[in-house]
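A single chain comes next, written as structure tokens; it is the form predicted alone.
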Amino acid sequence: MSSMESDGALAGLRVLDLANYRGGLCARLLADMGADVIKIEPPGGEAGRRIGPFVDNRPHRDRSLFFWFYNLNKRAVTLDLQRPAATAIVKRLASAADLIIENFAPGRLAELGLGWEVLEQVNPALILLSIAPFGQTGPYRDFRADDTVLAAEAGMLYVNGRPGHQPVRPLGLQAYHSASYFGAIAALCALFARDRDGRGQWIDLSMQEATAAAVEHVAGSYFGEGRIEPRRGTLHWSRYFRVGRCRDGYIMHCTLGDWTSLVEWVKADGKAQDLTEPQWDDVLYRAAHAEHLFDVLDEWVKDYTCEELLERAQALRLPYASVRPPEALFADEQLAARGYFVEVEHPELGRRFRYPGAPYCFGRSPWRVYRRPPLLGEHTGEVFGDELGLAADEMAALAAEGII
């Protein structure tokens, strides 16, 4: 462990990451907190290495920005898990590990000779986190699903889009990310339980269930009120927020906060229409008649620039916000003041690259960059030779056979 890692919240934790990019964020979250995460890839590299964009638009397994994001702070080894010799190596690694993360199809790990019954015998304190589209049991157990299918099955896609139009796929890989966050939480809970009783456990994580739990209002509305949520466009389900268009971009309206200040401002611009009538002072009335309210506010803001509107809104303590394209975040004053973006050195390229930084603030164990994302097989010799104790001739033989 490096001196930097020793001050992380999870310093001393050893994690074997057998997942591909569908579950890669889970181990990344733990690595960011100081865990020693060893990514185990096939000799040809994990599939995420072949997903762009690539540095300078030159496709290469060590130049994928997609792979970089999911694997910052990890070490990486190559190992063909389909070969019997690899099974023995993983068992040896597992004997000294705290956690294994995998997202093979249900049953596949057991076929490789590394099922829970085997791993538990190797290391009774080990925690195994299995991430699968629909979990390890049940009628959908063997179904395949990508992020889009998972978002649909979880109800995330159904509520996304304009009323009366087709559903819209959520931006990014939200199902994979939801599962990874819940996986990291579950792993930490299992570690606390191990501190109490000294034993590990097998965590069965359904990506579909994790994604459904991340759709903030759908399950609550259905189970609490028996209501199926519709698509509302940009109108928030609470009915107090909606996106509006300014002269040069988009903002998020909000009818909470100081309503009197907001309506007086709109009135001063001659755009209040009926919003000065007393019934609009009732916050519940504003929610019930949100469509008309936001239509009036849309007409009001169309001649403002985003900056003009936000500056005045913040002065009046109105919770308005801008809706920015991703590239605008680099110039965000608040993110700059917080030092959110960090520079990561890639010495093999002779360059530094800007990464998203800390997603949380810990006082005594702050988030930090411990190492840049690993090159393919970069730490194979270090882990298998120096740490596991394989002799040089053993390593050479394994390499010759394409096992590492």
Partner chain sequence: MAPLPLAGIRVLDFTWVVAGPVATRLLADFGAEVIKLERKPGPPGSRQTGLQGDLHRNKRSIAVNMAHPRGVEIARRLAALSDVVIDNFSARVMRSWGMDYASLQAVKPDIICVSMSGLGHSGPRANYVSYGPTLQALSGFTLLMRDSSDAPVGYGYSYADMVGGYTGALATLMALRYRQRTGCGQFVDLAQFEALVSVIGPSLLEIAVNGRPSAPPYYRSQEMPAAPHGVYRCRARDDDDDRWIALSVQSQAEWERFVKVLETPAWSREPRFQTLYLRMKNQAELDRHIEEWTRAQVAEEAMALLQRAGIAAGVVNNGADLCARNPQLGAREFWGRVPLPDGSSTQVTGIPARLSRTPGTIRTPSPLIGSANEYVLGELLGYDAAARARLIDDGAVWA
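Only a predicted model underlies this, so the values are computations on that prediction, with no experimental measurement involved. Positions refer to the first chain, counted from 1.
There is also a form predicted in complex with its partner chain; it is not shown, and the following applies to it.
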Next item on the list: Could you work out which of Gly224, Gly270, Pro84, Pro278 is the residue within 4.5 angstroms of its partner chain in the predicted bound form, going by heavy atoms?
Entry: Gly224
Note to self: Give me the residue from Ala110, Val296, Ala287, Ala321 that has a heavy atom within 4.5 Å of its partner chain in the predicted bound form.
What the structure shows: Ala321
Next item on the list: Choose from 74-82, 262-270, 300-308, 190-198 the stretch whose residues reach within 4.5 Å of its partner chain in the predicted bound form, heavy atoms counted.
Entry: 190-198
Check: Counting only heavy atoms and a 4.5 Å cut-off, does its partner chain in the predicted bound form sit next to every one of Val369, Pro374 and Phe384?
Finding: no
Notebook entry, point to check: So in the predicted bound form, does Leu119 come within 4.5 Å of its partner chain, heavy atom to heavy atom?
Noted result: no
Notebook entry, point to check: Ala88 near its partner chain in the predicted bound form, any heavy atom under 4.5 Å?
Noted result: no
Notebook entry, point to check: Does Ala154 reach its partner chain in the predicted bound form if we count a contact as any heavy atom within 4.5 Å?
Noted result: yes
Margin query: With a cut-off of 4.5 Å between heavy atoms, is Met395 one of the residues that contacts its partner chain in the predicted bound form?
Written below: no
Notebook entry, point to check: From first to last in sequence, which residues of 190-226 have any non-hydrogen atom within 4.5 angstroms of its partner chain in the predicted bound form?
Noted result: Ala190, Leu191, Phe192, Ala193, Asp195, Arg196, Asp197, Arg199, Gly200, Gln201, Trp202, Ile203, Asp204, Leu205, Ser206, Gln208, Glu209, Ala210, Ala212, Ala213, Ala214, Val215, Glu216, His217, Val218, Ala219, Gly220, Tyr222, Phe223, Gly224
